[in-house]
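Below, in structure tokens: the form predicted alone, a single chain.
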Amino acid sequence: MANLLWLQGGACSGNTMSFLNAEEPSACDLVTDFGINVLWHPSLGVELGDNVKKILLDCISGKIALDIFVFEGTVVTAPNGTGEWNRFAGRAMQDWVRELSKAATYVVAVGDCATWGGIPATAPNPSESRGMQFLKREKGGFLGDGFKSKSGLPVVNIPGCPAHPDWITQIVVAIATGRGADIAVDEFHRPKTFFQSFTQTGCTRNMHFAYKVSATEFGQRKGCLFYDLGCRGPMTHSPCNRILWNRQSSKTRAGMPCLGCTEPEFPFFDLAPGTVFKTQTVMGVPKDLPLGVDKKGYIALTGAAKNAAPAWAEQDLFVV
């Protein structure tokens, strides 16, 4: 049996909603099939007030073994580093986070807010929000660069706005079944098993990308969303087109540009008029190119691809 505790800081509950929609395995499967004991969760826990506080204190003291500490949302440190803007069970949430992280065997951050700070940490960041171990791309975060849980791993980051439910449950199961040591993470502490490939991997619009055939409006069934609509699929590490949402689709398959929400800089757009969902270019070349492609190579590649594009590349090839 593995004890799991889930707390929520500065958050919209989106990752909890995503988690409760998990299918492979489901949240119920975690309990019935994998022996996970949910000590408390903001949407599932039945304890209130002092009873919740007792659970937390028992975890910190070691009376209850805390195997997995999951945190959702930002660590709110305002005002002036006190964290008093986000109080829980009689004290600043940031104090619970610090002490529970020290007590836990594994610490898992779910969603952009807990991993990088997400939207709440976007300037001017009045809540002084931070991710657990990162603030955007800056290492350190609330727990500091050198933090490691008792397992020897840093905070395991599962980003996304929200994170896909299966990414969450499959990592939790790996830990609960004794395979936590097999979790390999990248430089941003994301599990490589999910975040080594790009959103573009498995995108049904790849043939349009290859021949530089562009979609020009949302929901259009043909064309690549990168060239005009600001899709960040070629630069974003995520398996969204390999592990489909609701088992059937993804943003790009539905005609919606990838927002790059699994990368530390999210949200990328400065929200100025004309910059959202529009590919920013200089002399016709996108400011942000597919990872690993330089400007000279991009111009040569796309020029040749467009000249070589077959007639079928302009057709609606949408299939389900």
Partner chain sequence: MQNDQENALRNRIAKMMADGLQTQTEPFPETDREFGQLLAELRDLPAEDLKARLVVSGFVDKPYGPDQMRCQECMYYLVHRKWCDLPELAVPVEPDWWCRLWRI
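Since we're looking at a predicted model, the values are computed, not measured. Positions refer to the first chain, counted from 1.
Below, we refer to the form predicted in complex with the partner chain, which is not included among the displayed structures.
Using a 4.5 angstroms heavy atom cutoff to the partner chain in the predicted complex, all of 213, 283 and 310 count as contacting. Partner contact region in the predicted complex: 291-299, out of 22-30, 291-299, 52-60, 36-44, criterion any non-hydrogen atom within 4.5 Å of the partner chain. Using a 4.5 angstroms threshold between heavy atoms, residue 195 stays clear of the partner chain in the predicted complex. Taking the partner from elsewhere, residue 186 is found to have every heavy atom lying beyond 4.5 Å of the partner chain in the predicted complex. Although the partner is absent here, residue 279 is a contact residue: one of its heavy atoms lies within 4.5 angstroms of the partner chain in the predicted complex.
Although the partner is absent from this view, residue 222 contacts the partner chain in the predicted complex, with a non-hydrogen atom inside 4.5 angstroms.
Comment: the partner chain is not present in this chain, but in the predicted complex one of 138, 95, 84, 228 has a heavy atom within 4.5 Å of it, namely 228.
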